[in-house]
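Only one chain is included here, represented as C-alpha cells and corresponding to the form predicted alone.
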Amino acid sequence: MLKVAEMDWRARFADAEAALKSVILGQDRAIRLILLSVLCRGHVLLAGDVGTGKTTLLRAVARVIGGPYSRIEGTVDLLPSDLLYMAHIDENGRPRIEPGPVLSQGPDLSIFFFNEINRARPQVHSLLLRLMAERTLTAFQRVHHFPHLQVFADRNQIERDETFELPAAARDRFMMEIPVDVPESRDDRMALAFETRFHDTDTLVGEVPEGLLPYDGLNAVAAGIQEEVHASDALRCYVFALCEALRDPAGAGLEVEGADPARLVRGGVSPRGMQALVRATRAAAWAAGRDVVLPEDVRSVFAPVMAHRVFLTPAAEPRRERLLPALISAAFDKIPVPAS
C-alpha cells in the first residue's frame, strides 16, 4: 500500500474536493479531473459555453492550492511582452518598467490563469508554450524559474470573431481539456439562478479554505504517487492499444458512424500524451485509495487527456464534437479489457 506519510494528503484531497463541490454546483466530474491534474502537476484547459462558471471554478481551485496567483485576460491586441513587463509613466512623468503578470509574483508563482486564451494571438501562445513546457522564461537578461507553476486557462467556444485556435503544440502541453457544461440537475440550475449565495462570486470563492493542497508540497506528492502506484503488464498493453487505436483507427478495426476510419485522423496521440495518460491514471488510482491502476481509472481520465491531442483531417474537423466521442467509444468497444 501507499506510504503512511501520504495518507494525510489523501484526506486533504478529499477535503479540497468537498470544499469545491460546496461552492461549484453540478461540476463534480470537472472538479475531480482538475484536482487529478493538480496531483500530476499538469496544466488545465477548460472549455464550455459562456456563463457556465469556468472562471469561478478555476479561481476556487487556485484558492485550494494557495500560493502566489496571477492572471491575464486574453485580448486580440495582447502582446507577448505584456506577460513579462508593464511600461507606464510614473507620478514624476518618467517612464517606468514594472514586472508583468508572470514575473510580478516571483519564483513561487503557483497559479497563472489565462482567461479566454483563444482571444490571444499565436505569438502569445508561443511564449506561453515555453512557460508551460519548461516552467521558465527569459526576461531582463536572465532566466526566471517557476518550479511550482501550474497554468489554468479557459477558452470561449461561442464567439469566433477575433479568436485564434490554439496550435497543436500548445494544446498538447495541457494535461487535460475539461468540459464545463450547464449543470444537468434541474435543482442545481434553480439554485444557481435564485439563491443569492451564488450571485456574488468573490464572496463565494472566499468560502473555500485556502491552501488545503499546499502548493509548495505538491511536487513531492506528485512524484510519490508516480513511484508508489503501479500498473500490471496487461494494463500497460491495454493503455498502449487504446492509444494506438486513436492513431490508426482503420488499422485497429474501429468503426465510426458517418466517417471513414482511414480518412479520419491526421495526427494521433504523441508519446507525451501517453505519458500524461499514465500519470493521470495513477493519480486516479491513488485518489481511490489504491496502489494499482485498474481499467476503470483509464476510462475515467481517457477522454479529457486524449481528445484534444487527436487531430482530425480537414474534412472531419467541422464534425469534431460528434466524431471524437464516437472514436473514443469505438476504441473502448474494440479493445479487450484485461482481466483483473
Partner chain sequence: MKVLTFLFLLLPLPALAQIEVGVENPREYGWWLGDMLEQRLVVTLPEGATLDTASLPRPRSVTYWLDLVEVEAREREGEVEITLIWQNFYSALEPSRREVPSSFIRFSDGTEARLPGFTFVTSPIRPILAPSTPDQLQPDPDYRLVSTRLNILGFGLSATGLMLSVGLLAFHQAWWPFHRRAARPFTRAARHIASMRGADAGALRQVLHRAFDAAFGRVLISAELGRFLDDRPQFRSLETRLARFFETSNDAFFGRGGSQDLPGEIAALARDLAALERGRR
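Keep in mind that this is a model prediction, so the values were computed, not measured. Residue numbers count along the first chain shown, from 1.
The protein also exists as the form predicted together with its partner chain; that form is not presented, and the subsequent description refers to it.
**OP:** Using heavy atoms only and a 4.5 Å cut-off, determine which of Val50, Val292, Ala315, Ala288 is in contact with its partner chain in the predicted complex.
**Re:** Spelling it out, the residue with a heavy atom inside the cut-off is Val292.
**OP:** Sort through Arg247, His230, Arg189, Arg171 and report the residue having a heavy atom within 4.5 Å of its partner chain in the predicted complex.
**Re:** None of the others qualify; the residue that does is His230.
**OP:** Flag this candidate site as yes only if Phe332, Ile335 and Ala339 all have a heavy atom within 4.5 Å of its partner chain in the predicted complex; otherwise mark no.
**Re:** Spot residues vs its partner chain: full contact, yes.
Original post:
If you check in the predicted complex, is Ile97 within 4.5 Å of its partner chain, heavy atoms only?
Top reply: Flag for Ile97 set to no.
Original post:
Quick one: is Arg299 in contact with its partner chain in the predicted complex, heavy atoms, 4.5 Å cut-off?
Top reply: Result yes; Arg299 sits at the interface with its partner chain in the predicted complex.
**OP:** Considering only heavy atoms, tell me if Leu235 and its partner chain come within 4.5 Å of each other in the predicted complex.
**Re:** Yes, Leu235 is a contact residue.
Original post:
Using a 4.5 Å heavy atom cut-off, which stretch among 209 to 217, 82 to 90, 99 to 107, 222 to 230 contacts its partner chain in the predicted complex?
Top reply: Looking at the partner contacts, the answer comes out as 222 to 230.
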